[in-house]
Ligand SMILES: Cc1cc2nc3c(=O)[nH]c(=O)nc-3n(C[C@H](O)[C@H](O)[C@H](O)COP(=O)(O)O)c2cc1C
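One chain comes next, on its own, written as structure tokens: the form predicted on its own.
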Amino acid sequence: MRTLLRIDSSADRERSRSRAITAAFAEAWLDRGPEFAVVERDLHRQPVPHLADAALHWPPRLRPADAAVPAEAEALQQELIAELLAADVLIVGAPMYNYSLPSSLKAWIDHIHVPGVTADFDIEAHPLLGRPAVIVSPRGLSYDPGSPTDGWDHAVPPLQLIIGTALQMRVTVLTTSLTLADTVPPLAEFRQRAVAEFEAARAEAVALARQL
């Protein structure tokens, strides 16, 4: 069985482009046959709490001697890590909120990025080395080079750093811009571009799901 872990974090359950793209990927993945499975974790419907204790940043052997991590918090972290390690492919819906990633997604990242467990530190630990990961990041505006918002994207870079550099997964990024063109009148002139980028990102997601 080949397993896809689908992570969604959008607060919009109806019109979310990130959800639409991760759904298209998951559907194409399942269409490959009965040996393909999907595990879904919706961080908006069932939020992961913020870390209950700073010691959870580390495995037990590297924690302070007086660390007292709540048992339920430890169990949740182990569940999230096991879920990730069991996945052959990861897809993350990461819409840009206020130029950064949703706080629900950041909480998940804080739980699964553990030096010495999912990333190296005191020992070489790269259990996810080379596994495919797809980051889907819709953005309300345009972040074209030379535009007023050039360099304001603080959603994709930290995910590339954690998932790609620290966890050493093989990352593909799919972005779609100007998602606000449908609802914000001053951006209406960009609707055609917004639709084209969305359709292109969804088509690329489907193609990736059939290849990875």
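For every residue, the number given is its place in the sequence shown, counted from 1. Everything numeric here is computed off the predicted structure, so don't read it as measured data.
As for the form predicted together with the named molecule, it is not shown, yet the points below apply to it.
Though the partner is left out of this view, R17 does reach within 4.5 Å of the named molecule in the predicted complex, counting heavy atoms only. In the predicted complex, the named molecule lies within 4.5 Å of some heavy atom of R139. Contact between M96 and the named molecule in the predicted complex is found at the 4.5 Å heavy atom cutoff. In the predicted complex, the named molecule sits within 4.5 Å of a heavy atom of Y143. Comparing 25-33, 62-70, 39-47, 175-183 against the named molecule in the predicted complex, the single stretch with non-hydrogen atoms within 4.5 angstroms of it is 175-183.
Contact residues in stretch 30-69 (any heavy atom within 4.5 Å of the named molecule, taken in the predicted complex) are absent; none meets the cut-off.
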